[in-house]
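Next comes just one chain, in structure tokens: the form predicted on its own.
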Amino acid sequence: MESQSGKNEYKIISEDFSEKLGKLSFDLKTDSVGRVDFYGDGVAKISGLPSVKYGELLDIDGCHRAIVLDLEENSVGAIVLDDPQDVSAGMLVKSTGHIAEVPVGEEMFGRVVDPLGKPIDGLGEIKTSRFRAIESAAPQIFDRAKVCEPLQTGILAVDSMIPIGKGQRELIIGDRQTGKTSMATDIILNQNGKNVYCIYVAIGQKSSSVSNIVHTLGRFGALSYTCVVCSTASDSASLQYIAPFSACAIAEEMMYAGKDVLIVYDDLSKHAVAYRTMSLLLKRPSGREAYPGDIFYLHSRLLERAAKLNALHGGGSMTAIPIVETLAGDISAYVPTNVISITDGQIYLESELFNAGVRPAVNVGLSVSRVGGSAQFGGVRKASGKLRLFLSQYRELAVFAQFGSELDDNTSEMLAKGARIVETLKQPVGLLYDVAHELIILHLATKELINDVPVAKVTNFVRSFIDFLDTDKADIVKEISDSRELSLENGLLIEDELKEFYDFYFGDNVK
């Protein structure tokens, strides 16, 4: 009897246990975990992550983030993004399953952020809930539209001879201290009131230089529509590497929202050096100038994301202005030739012209825009005409005339005309011209209306005449600005005003 009752109790307990066991739910979670085998200079070699993806975000010891850049059979190479000095061998690494992202949206504009999207301007947290992968595919060919809408730079030499269109990629190239950053900053300043969002990316720049640029943008009211992505020379190579990609993601968000965006990469030669540093630490095979073999692909996949989208995709645009620094004017070096072949043209700033006082120091012979007149207003295209060809011929004649040989009358006239045109194209940093001003100055130069003005006084004379028209003949300037054309009637009116101003200017200034 006792044995029978014991069996019944066991049966009851077993059934009760089975019933409770059936009600239990198990939420099992598996993590792909690895371990840091080697760490140095911001680069980590990790073992034990067999299913990780290229570009995936990793979590090191719960407090550090890294991006996968190298996939090998038994190990993974990654770059550490934050606090790289605290990482050491032996730390546990978890795969997050997410690609590296950066916060995006209109809230990013008016702020200074690091390559991870964190604010560094002391103005508090950026309240945005939208994120975008720092690397994404470029728009397809059928998603793009023709680049035909001008992006006015306010710089006469550029708008007249090397026009930039919305969606174009125009390179600024030259030696250090030739005005590359100043030109890019002026282009950003000129977008004030033109509904163009701007992004300035500082790659490996001095903190003081970036601070000066931010101060300049704020002083002229340009910071409200500009986002500054800052990766200074003191940052690790990994942060300098992702800076342009993060900025491009911020720009893409606005482009796909139907907005026009201008992004300046300052500069891609330092970006290439940062990538070379990382690649050498990852033990990748090096090629020419110790750069890895995929250095061309690095910049092509970045710059190809700039585009003018068609109406089906919102009609937005991203205009890219990369900057590349040359050494002793050598544009045939590895990185400069790579970027030149990717972009739609280049503005070459020459140190000899800069030192001679020609600023902006644009070398017309080596500068080109492959979009051409299709990215110009009709009036500017008509007024500039053969200006570029004439200036190229003038440069050659000026070199020949230095030998002191006797010149015929036609050559002397051409040299005098060329010298005056060069003077009219001089433009100090911060002085930006409206379309109407550019049309008037081109009219004065190409129609030889200032031949009686001494060459040394041409620059001040033209600026004073523009100020005079803005003050006393504002109606004419406004009509030209609205139509973006210089009609025959307005041209004659300007010539009449020029005669009166000439007598007034030289009557009071030259005795």
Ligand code: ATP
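Since the model is a prediction, treat every value here as computed from it, not as a measurement. Numbers follow the displayed sequence, beginning with 1.
One more form of this protein, predicted in complex with adenosine-5'-triphosphate (ATP), exists but is not displayed; see below.
Contact annotation: of the candidates 351, 427, 190, 216, the single residue with a non-hydrogen atom within 4.5 angstroms of adenosine-5'-triphosphate (ATP) in the model of the complex is 427.
Only one of 111, 388, 359, 276 comes within 4.5 Å of adenosine-5'-triphosphate (ATP) in the model of the complex through a heavy atom, and that residue is 359. Contact with adenosine-5'-triphosphate (ATP), judged by heavy atoms within 4.5 Å in the model of the complex, is confined among 340-348, 394-402, 176-184, 117-125 to 176-184. The closest non-hydrogen atom of residue 253 lies beyond 4.5 Å of adenosine-5'-triphosphate (ATP) in the model of the complex. Interface residue remark: residue 135 is not counted as part of the site for adenosine-5'-triphosphate (ATP) in the model of the complex, having no heavy atom within 4.5 Å. Although the partner is absent from this view, residue 325 contacts adenosine-5'-triphosphate (ATP) in the model of the complex, with a non-hydrogen atom inside 4.5 angstroms.
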